[in-house]
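Shown below, as structure tokens, is a lone chain in the form predicted on its own; questions about how it binds or moves come after it.
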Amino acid sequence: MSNPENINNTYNIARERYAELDVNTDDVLQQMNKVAISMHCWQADDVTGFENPDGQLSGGIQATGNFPGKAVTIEQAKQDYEKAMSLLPGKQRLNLHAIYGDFREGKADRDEIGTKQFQSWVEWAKEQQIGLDFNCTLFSHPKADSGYTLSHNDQSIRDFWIEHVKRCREISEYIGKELNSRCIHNIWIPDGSKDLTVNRFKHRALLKESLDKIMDDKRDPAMMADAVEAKLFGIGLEAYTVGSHEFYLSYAVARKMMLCLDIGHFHPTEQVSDKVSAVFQFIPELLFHVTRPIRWDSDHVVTLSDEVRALFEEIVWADKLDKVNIGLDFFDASINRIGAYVTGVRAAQKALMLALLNPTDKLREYDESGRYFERLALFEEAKTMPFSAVWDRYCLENGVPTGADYIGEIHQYEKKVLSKR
């Protein structure tokens, strides 16, 4: 177990070191407490949901591994979320998919769901004093098996999914009002083609038409906000995806709505961090899905990678921390799922803290005065500053395990809870 006295002593030394670079670590700790990261519900149960727990994943969604202890009921999932949150500093939210509704009183198809299926989630969120975000679910359903939903050639199929998304927006507004915390509703669809098609234009025109019908159903922007999420391609949809980055970027600008940038949804050579300053010129607020692609969109547990660090640096340097919404998006069934949550959220929080601890004012001074050697040198020196001492102090102030101490806590939870499922 870490010694609180040692943590405080090393923090005081680190505070002095950072002060030499005109960085106030006490201010950084206060800023960290203002940023909520939205945990994705689907890590606990491998994206199965509770609509049809025995159903098969489809639409480019895949969770690999069979580590014991998967949550199979709402109660188990909530128990896992609570355990993960108890080991995390700062604020969290929970991001729900529509298939995670409470269907214990009877199943409702996607075009029939309503606020009733999410009342128990709202009550739980009130108890936990957290906010909820939401996603419509346009995959793992017979009416999505063709590879098309909102851009389907069949009007009746499109109408089914249009109604589903409209209901999800209604649910999002209800969640926002009940919790007095705006609910972010994200739209991602798996539409596309495995091989070449002559109908790209047609399907994108149909998607625009469907989205227009959905968005014309007005909702209170103070209680819910929509985002659209692009993807380069999906498993089984390698030729193209209808909802490309160009399509959704254009739609978000035209509709004055939020764009979701998922780190894993672009070409491996693209830097999503570089898109931040560009997109913010035209869209006032963004949603980010933070994940770790290996080779491509494999959705591994987030680590403190160069791209994750760069993403948060660009957000901080653009002074847009109050205009971003951060959610995680990975599903690894090969390891302890609660351990995956805690490791992933902490990695994102560390990336944010490192960005805030950068000597940004001094770097900007060097940049704007053309002192590029000094700028480069300071970038390098900042990499070896005593960041871990500030991180440990942050955990200590929030009453959660410091350093690697959370590993033992998760081992105990696995022994007492997960191993008995």
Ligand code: RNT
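Worth saying up front: this structure is predicted, and the values here are computed from it rather than measured. One-based numbering along the sequence shown.
Beyond what is shown, the protein has a form predicted together with L-rhamnitol (RNT); the following relates to that form.
Considering L-rhamnitol (RNT) in the predicted bound form, the lone stretch of 208 to 216, 259 to 267, 176 to 184, 80 to 88 in range is 259 to 267 [heavy atom distance within 4.5 Å]. When L-rhamnitol (RNT) is considered in the predicted bound form, residue 229 lines it closely, a heavy atom lying within 4.5 Å. Although the partner is absent here, residue 191 is not a contact residue: none of its heavy atoms lies within 4.5 angstroms of L-rhamnitol (RNT) in the predicted bound form. Interface residue remark: residue 289 is counted as part of the site for L-rhamnitol (RNT) in the predicted bound form, having a heavy atom within 4.5 Å. L-rhamnitol (RNT) in the predicted bound form comes within 4.5 Å of no heavy atom belonging to residue 391. Checking 29, 356, 395, 47 for any heavy atom within 4.5 Å of L-rhamnitol (RNT) in the predicted bound form turns up a single hit: 47. With the partner omitted from this view, the residue of 110, 350, 97, 203 that lies near L-rhamnitol (RNT) in the predicted bound form is 97 [heavy atom within 4.5 Å]. Residues in 197 to 228 all lack a heavy atom within 4.5 Å of L-rhamnitol (RNT) in the predicted bound form. The Cα-Cα distance between residue 321 and residue 296 is lengthened by 3 Å or more in the predicted bound form relative to the form shown here.
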